[in-house]
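The chain below stands alone and is given as structure tokens, in the form predicted alone.
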């Protein structure tokens, strides 16, 4: 599937390719394709050879690992405007997770080898890339701290605040993925998620309407997170 002008604009706005000049950007796109995925469709499996990294144009991609017991642990939920599997490109080898479309999605598959060829021949580009990836890593370290140092309630509140769109009145969050997937992503049990939401609702900090959660007191929630 060809990459449209709108797709290219989205790609250019992402943190990774934003460091590229126009000739470099065009060179990367020469070996890039758009893939349309149905809900639940596999993109790659844990252990598959790592040949591409990806950018989400629409939909949500679930990255997960499966324990020998069959229990699934959600590692990330990648939304529109974000890359994934780019770090594995520099490590070589195989994908460390499974990737599935949580809903109908479109992703750009970018060829690892082509991208690495550009980096090998351009030290200035390597420095720009290191800068953008360092900022990305700093954000991920902050997220790990949040997941390991905060209580289950703080993780849930933090998740709700992160999902809060700008300029929405009243402040509300629509849960785009099942609650058990959110719980796995936050490292808590589904029952814990339900208890936290019930407690927040009992304290009148939120209201729950099907898959929409209204945040009645954003500042109070921020203090609790």
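Positions refer to the first chain, counted from 1. Not measured: the values here are computed from a predicted model.
The same protein has a further form, the form predicted together with the DNA, not shown here; the description that follows concerns it.
By the 4.5 Å heavy atom rule, the three marked residues 170, 204 and 216 all fail to count as contacting the DNA in the predicted complex. Within this chain, residue 189 lines the site of the DNA in the predicted complex, having a heavy atom no more than 4.5 Å away. Mapping the unseen interface onto this chain, residue 46 falls outside it, with no heavy atom inside 4.5 Å of the DNA in the predicted complex. In the predicted complex, no heavy atom of residue 163 sits within 4.5 Å of the DNA. With a 4.5 Å cutoff on heavy atoms, residue 66 does not count as touching the DNA in the predicted complex; it lies far away. Residues are counted as partner-facing when one of their heavy atoms sits within 4.5 Å of the DNA in the predicted complex; in 195 to 221 these are 195, 198, 201, in sequence order.
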